[in-house]
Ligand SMILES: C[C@](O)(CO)[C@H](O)COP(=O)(O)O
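Starting off, we have a lone chain in the form predicted alone, written out as structure tokens.
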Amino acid sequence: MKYYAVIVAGGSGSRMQNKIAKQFLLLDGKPVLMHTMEAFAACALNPEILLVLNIHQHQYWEELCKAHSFTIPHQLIKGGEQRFHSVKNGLKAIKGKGIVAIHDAVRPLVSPELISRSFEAAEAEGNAVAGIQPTDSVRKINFDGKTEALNRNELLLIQTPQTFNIDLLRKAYQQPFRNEFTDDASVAEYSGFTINIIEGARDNIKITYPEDLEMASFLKKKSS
């Protein structure tokens, strides 16, 4: 079986209060994105890596690769207007059949073990989406501004990788974009596919706010 990884790097630095896009910020002296790609390169199933990046950032990325002597093989793909379109562009670049993992560039602490589990589960079940149960109490904000408690045992916090049989995901991405499509699981589910959840990891955090970089650095040192 052939395995692919589509790394989606579309975020800006707005919530980080930084002009540099989140995927390029330094984590322990190296861009976040490089840590992410190293995890996939370390996966025992040896996936082919495709990086989907805003066309205006391609040259900057190539300069970063030279500056950090980053040599992990990967194909550079033009990003789209939304995450949906970026993933679609990544899928178009894959010519054959196999299993594809879609992963956020700003989840640099994903483990090679979780990546392998996602590939294996998707190969067996058609798809595998990483998720964890919340530990905090959760409330829903209603239209009137009031809130109501939800049962956290009935909720999941969804992560990436989100991994699929390529033919399944290609079919799902043939539909037009909708605002409700926040990830690949929502796209596949809207197409009628049942989503298979696998256990994610609590340290598989998404770099969104300034303090996330500090937390990622701490977790990285703790696991090494």
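Here the structure is a predicted model, which is why all the values come from computation and not from measurement. Residue positions are given as counts along the sequence shown, with the first one as 1.
Just so you know, the form predicted together with this ligand exists too; it's not on screen, but the next bit is about it.
You can rule out all but one of 154 to 162, 187 to 195, 169 to 177, 39 to 47: in the predicted bound form, only 154 to 162 has residues with a heavy atom within 4.5 Å of this ligand.
When this ligand is considered in the predicted bound form, residue 74 lies well away from it, no heavy atom lying within 4.5 Å. Within this chain, residue 83 lines the site of this ligand in the predicted bound form, having a heavy atom no more than 4.5 Å away.
Residues from 102 to 136 that approach this ligand in the predicted bound form with a non-hydrogen atom closer than or equal to 4.5 Å are 104, 107, in the order they occur in the chain.
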